[in-house]
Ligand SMILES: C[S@@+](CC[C@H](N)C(=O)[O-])C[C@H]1O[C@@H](n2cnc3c(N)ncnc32)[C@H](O)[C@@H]1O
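In structure tokens, the next block holds one chain alone, the form predicted on its own.
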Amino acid sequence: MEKTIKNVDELFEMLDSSFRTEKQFWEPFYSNRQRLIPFFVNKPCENLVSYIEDGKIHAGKAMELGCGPGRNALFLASRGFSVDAFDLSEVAIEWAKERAKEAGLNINFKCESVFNLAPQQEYDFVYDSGCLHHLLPHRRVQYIQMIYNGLKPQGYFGLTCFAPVTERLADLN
């Protein structure tokens, strides 16, 4: 017999069940640190660096979503931010903690789904360089609402998304 959906959480659960679980993908992905993946290098996103160096974003409390091995969280902490950084992969979080320890930085890394976070106007800056574009479309509104709830009234949200390079993009030149 089919299950009757009684609320939004059950609807999300039903929609999510049609896809692979994210942990099944991310744990093995981060297990090989020698892979030639740009964000495995311990260097922050260029746009994040520019936000800070150009004075657009000032030190405060920051949250990084989908932090992977911690490159952006480490950069923010090195610039005076208090950082909470989250990723779904335990392997990535352990790697990030190792990097923070080596750098002598205190960062609150946690293995947690963004859908389990419930911040309440506590962040001056929320940054995402790799989380949103991996979320299933039906989950994106919930994600944006969590960020909205987590930002202080004058807080900022920074987002880097990736797009595939196609022949059509080349035609724009």
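The structure presented is a predicted model; accordingly, all values stated were derived computationally and were not measured. We number the residues from 1 along the sequence you see.
Another form, the form predicted together with the ligand, is not on view; read the next lines as being about it.
Engineer: Does the 4.5 Å heavy atom contact test between residue 35 and the ligand in the predicted bound form come out positive?
Structural biologist: No.
Engineer: Although the partner isn't part of this model, could you tell me whether residue 130 comes within 4.5 Å of the ligand in the predicted bound form, counting any heavy atom of the residue?
Structural biologist: The answer is yes: residue 130 has a heavy atom within 4.5 Å of the ligand.
Engineer: Although the ligand is absent from this view, report whether residue 134 comes within 4.5 Å of it in the predicted bound form, heavy atoms only.
Structural biologist: Residue 134: contacts the ligand in the predicted bound form.
Engineer: I'd like to check something about residue 112: if you look in the predicted bound form, is any of its heavy atoms closer than or equal to 4.5 Å to a heavy atom of the ligand?
Structural biologist: Yes, contact at 4.5 Å.
Engineer: Checking a candidate spot here: are 30, 68 and 87 all in contact with the ligand in the predicted bound form (at least one heavy atom each within 4.5 Å)?
Structural biologist: Spot residues vs the ligand: full contact, yes.
Engineer: Work out which of the listed stretches, 118-126, 46-54, 101-109, 59-67, brings a heavy atom within 4.5 angstroms of the ligand in the predicted bound form.
Structural biologist: Selected stretch: 59-67.
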